[in-house]
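Only one chain is included here, represented as structure tokens and corresponding to the form predicted alone.
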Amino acid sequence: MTSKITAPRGTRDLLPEDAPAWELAEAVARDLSRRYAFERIEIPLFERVELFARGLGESSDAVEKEMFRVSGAAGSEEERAEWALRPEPTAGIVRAFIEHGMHVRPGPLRVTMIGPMFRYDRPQAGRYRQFSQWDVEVIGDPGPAVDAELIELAHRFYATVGLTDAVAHVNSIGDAKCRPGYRQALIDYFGQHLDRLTEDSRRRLEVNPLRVLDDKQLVPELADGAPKSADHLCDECRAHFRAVLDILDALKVRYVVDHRLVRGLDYYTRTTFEFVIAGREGQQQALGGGGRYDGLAELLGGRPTPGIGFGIGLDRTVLAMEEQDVTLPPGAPLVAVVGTGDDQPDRLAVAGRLREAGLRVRPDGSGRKLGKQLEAAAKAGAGWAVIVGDELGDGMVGLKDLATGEQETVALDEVPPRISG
């Protein structure tokens, strides 16, 4: 017997019954992108490994452990090139910004995309090796107002999809001027506790000590006693962060200053933030997050250009919606088109007329008896059935309410307002 082929471990199939929550989350993301004046951008699903190594950092988990690497076709010029499926979109978007000379456009650039990302991560609830993300980026604005605007935008997204108690955890990790002092403070502190660090954290301490704070296995009291980035900020970074918090206060956005928040990618500077459900900290992964990356463009070969963005995981958002029993808006009514004879062309013609009027229509192309067609329509979730018969020549059809069983003969043109009204 031939063995059954299943989906790869750590991936999922999106089935029709799962779609309504996803459609709501995606629709809210697209609507907010439009209202906040973000323009669509698309980048390749795969890029050179060098892009992610430079941008995300060699020591980041995304590059070191979680990269899906791919190769070119055997014998091709690109066979030996190192490629990887994108683990996140920011590096690719900044690469496109540089490659296409987008710095000459009226700034700042505001772009958005929704699409799949890939990380060879340990599968768990809400974390998949292929996951979908809504991403927004603002490139060219150094001020604190845009930091607060993006945090407010993410907060509005969660509220609009129906989630309650979403709260932003925010921090500032400084910049190239003041971070060296903070890095040294972390090295001095954790260097006294090497026996309490994981192997990963001991290695990170040498490469990027901030990422020790990102270790989920870090002993809580050890983390609580670690130096805080806020105590090592230069005057400019301190003023920037204070301004971000003041604007969030003015906007009445719920937030918590989280001194342990550093995010997992090396390109972050100054403001970093994550969204979690209040009271669930440490019990589940962040729903989304982001931060400022003022040095990324220069790292990738472009001119110094400030930037900030966030990524919201739609998989985790939908999981949170299910956990909170978010009520989904009703879908458009489904109309079945059935017939009493060998009239499939007429049924399709009627279905076409109804679709032109904006209805959601499912024609029955079978030769089954009318009763069986109506029974199948009800099982499929149709609320109405349009019955095509001899009276179609006079522009008339049967209209049956499948919930009540009531049926009448009406003009075909009257069907859309009757159902939609």
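Start at 1 with the first residue shown and count on from there. The model shown is predicted, which means the values in this text are computed figures rather than measured ones.
Although not depicted, the form predicted in complex with a small molecule is the subject of the following passage.
Partner contact region in the model of the complex: 308 to 316, out of 245 to 253, 147 to 155, 308 to 316, 189 to 197, criterion any non-hydrogen atom within 4.5 Å of the small molecule. Taking the partner from elsewhere, every residue among 119, 127 and 263 has a non-hydrogen atom within 4.5 angstroms of the small molecule in the model of the complex. Among heavy atoms of residue 286, some come within 4.5 Å of the small molecule in the model of the complex. Under a 4.5 angstroms non-hydrogen atom cutoff, the small molecule in the model of the complex lacks residue 182 among its neighbouring residues. In the model of the complex, the small molecule sits beyond 4.5 Å of every heavy atom of residue 201. Heavy atoms of residue 131 reach within 4.5 Å of the small molecule in the model of the complex, making it an interface residue.
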